[in-house]
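Consider the single chain below, provided in structure tokens and representing the form predicted alone.
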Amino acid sequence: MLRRRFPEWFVLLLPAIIVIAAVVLIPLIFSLYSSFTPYKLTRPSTLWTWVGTYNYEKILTDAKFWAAFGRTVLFLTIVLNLELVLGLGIALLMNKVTWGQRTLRTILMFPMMFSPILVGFQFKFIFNDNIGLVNNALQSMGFNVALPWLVDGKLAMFSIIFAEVWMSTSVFAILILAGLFAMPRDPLEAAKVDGCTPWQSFRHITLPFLMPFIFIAMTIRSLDVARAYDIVQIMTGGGPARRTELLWTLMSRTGYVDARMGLANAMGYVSILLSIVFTIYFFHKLSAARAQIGMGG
């Protein structure tokens, strides 16, 4: 009997297929199945009880979930806009540098090289009520007050936003700088000859050309920020009184603290659907921006 031979490409890809199936596909299928069950970590037998869409229906009426969703959208909006403004400003300044630009670009990338967990611990120390660098600096300037940065709800959200922006603004800066390098100089020179002011040249020539790069950065960062967990968990744990609890910290609390893994997985899939909506929106904006400058739809 002739032994069947598999194509060489399949044999070469087989190890990768097995690893992906073991690490990604099987857990994904398991989590999807468990989202239709009342699975609790403390009661493994509940994994085999089918409840249909009960978990998803419960999420739709869960005030805590939608409160966390609202905070996540607010967090996402503030962080993306701050990173865009700061990244654009840094890129425009670096584009004017004629000496040492490579060194500056390398330094600029340092924050994004740090682990989010490390950044969380770093800023947890910086914003510590008693021994934090911020309060010590304020007291050394004559402000005899210790601000509760990680205890007060509004200050805690500000602290998390500050840490997130510090870590990832360089993503916007690097991508926008790449757009500035790719930008043709002829339109700018023509605008200068026609008497356009620097603001008019930026508003009508530079910015439209940079918009595809900006939307690429927004797409990447929106997915990252929507999944924000490490920094929030390290700095505040979702507190005080859930005032900094985002979607992924809520899922963690539901799955591992409350042991309701089926409900937590359902929350995860709802969050994925919401992330897909954001991604589609940014890709539509990207296509429109590309079409505007003649790069194709």
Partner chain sequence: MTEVNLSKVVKFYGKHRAVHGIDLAIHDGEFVVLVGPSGCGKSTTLRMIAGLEDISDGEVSIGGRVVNDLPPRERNISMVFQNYALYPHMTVRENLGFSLKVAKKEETEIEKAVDEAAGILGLDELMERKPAELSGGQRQRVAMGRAIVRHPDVFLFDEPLSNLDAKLRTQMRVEIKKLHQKVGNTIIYVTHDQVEAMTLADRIVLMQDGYIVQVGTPLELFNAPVNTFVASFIGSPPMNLIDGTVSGTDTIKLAGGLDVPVPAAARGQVTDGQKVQFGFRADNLMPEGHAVQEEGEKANLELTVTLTEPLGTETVLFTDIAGTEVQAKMLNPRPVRPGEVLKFRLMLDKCHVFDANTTEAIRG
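Residue numbers count along the first chain shown, from 1. Note that the structure is a prediction, hence the values are computed from the model and not measured.
What comes next is about the form predicted together with its partner chain, which is not displayed.
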Indicate whether the candidate residues Glu189, Lys192 and Cys196 are all in contact with its partner chain in the predicted complex, with contact defined as any heavy atom within 4.5 Å.
yes
Looking at heavy atoms inside 4.5 Å, which stretch does its partner chain contact in the predicted complex, given the options 171-179, 90-98, 197-205, 70-78?
197-205
Is Arg102 close enough to its partner chain in the predicted complex to count, meaning some heavy atom within 4.5 Å?
no
Find out whether any non-hydrogen atom of Arg185 is located within 4.5 angstroms of its partner chain in the predicted complex, and reply yes or no.
yes
